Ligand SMILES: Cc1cc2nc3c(=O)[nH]c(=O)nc-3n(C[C@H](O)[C@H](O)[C@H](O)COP(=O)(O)OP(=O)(O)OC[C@H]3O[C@@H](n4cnc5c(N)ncnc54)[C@H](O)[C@@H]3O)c2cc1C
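Here you get one chain, nothing else, as structure tokens; it is the form predicted on its own.
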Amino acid sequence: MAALLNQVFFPSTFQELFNAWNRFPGAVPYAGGTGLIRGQGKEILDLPPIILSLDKLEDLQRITRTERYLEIGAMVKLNQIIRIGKIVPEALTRCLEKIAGVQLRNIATIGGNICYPTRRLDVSAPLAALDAQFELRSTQSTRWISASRFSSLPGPTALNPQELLTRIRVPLDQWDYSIYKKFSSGRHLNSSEVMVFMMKTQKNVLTDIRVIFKTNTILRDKNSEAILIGKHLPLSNRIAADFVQSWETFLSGMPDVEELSKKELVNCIELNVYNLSE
């Protein structure tokens, strides 16, 4: 069925949403709208001809907490998550605080950041490091996918046609050491570069470590992490050096990552791992 140009639907249930989406497969879901209006300085904005506003879907606005998880609806604004406080893992909070300014964070949604249509945005790095899970819903089914897999599949997102991200489930594990680093921008027009470095300890033994590097994709080297897991703190200088060397070797096999980016990342990894050494 043909639709009038610049038609906007305001579904209040998922059934209404998918009914409209089935009628107009080219319709575009609209969350905070910051992605759609980005870079436009016109008085009259260029918008998709058919929009599915998600603003009235209450399920997408909810934040709930269990003993193990924080569950965040895809329409929750970035500043709402920051204001939750200390239960939000530090790496995620630091990431959100560095996204644009306060005004934009009051509009931009967590789901919109995850599902940005043309490039992978920064929040994908801490969510992958934290083993977050995404709920994806279509008219026929609901499925869960890990944040790391979602961000590593080809294309900007792993969404199927007429599929919607509805909920983000973040484990509430305690991390003893958590660093979020955003590298200097300017040389990449289509991506930004961030690193997440996290670790857990128990009785001075390093029990888990995560190092995630995001450029236009998500990079993680589990072989390097295995070098440190089970080691006593403080680390020996030899073990710290082995970890840095392992990352250098891993990055040498990544021709799509610029040499300057590799150098900045290795320097940051080196600084953090030697902070844990003798």
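Keep in mind the model is a prediction, meaning the values are calculated, not measured. All residue numbers refer to positions in the sequence shown, first residue = 1.
Below, we turn to the form predicted together with the ligand, even though it does not appear here.
- For this chain shown on its own, do G33, A74 and I99 all sit within 4.5 Å of the ligand in the predicted complex, going by heavy atoms? Result yes, every residue of the spot touches the ligand.
- Message: Within 4.5 Å, heavy atoms only, one stretch in 170 to 178, 83 to 91, 138 to 146, 112 to 120 touches the ligand in the predicted complex. Which?
- Response: Among the listed stretches, the partner-contacting one is 112 to 120.
- Should L104 be classed as touching the ligand in the predicted complex when contacts are defined as heavy atoms within 4.5 Å? Contact with the ligand, yes.
- Query: Might A241 be said to contact the ligand in the predicted complex, defining contact as any heavy atom within 4.5 Å?
  - Reply: Looking in the predicted complex, residue contacts with the ligand do not include A241, since no heavy atom lies within 4.5 Å.
- Query: in the predicted complex, does L159 have a heavy atom within 4.5 Å of the ligand?
  - Reply: L159: contacts the ligand in the predicted complex.
- Item | Exercise: V196 in contact with the ligand in the predicted complex, heavy atom 4.5 Å | Looking in the predicted complex, residue contacts with the ligand do not include V196, since no heavy atom lies within 4.5 Å.
- Contact residue in the predicted complex, chosen from L233, I63, V28, I229 - any heavy atom within 4.5 Å of the ligand: Selected option: V28.
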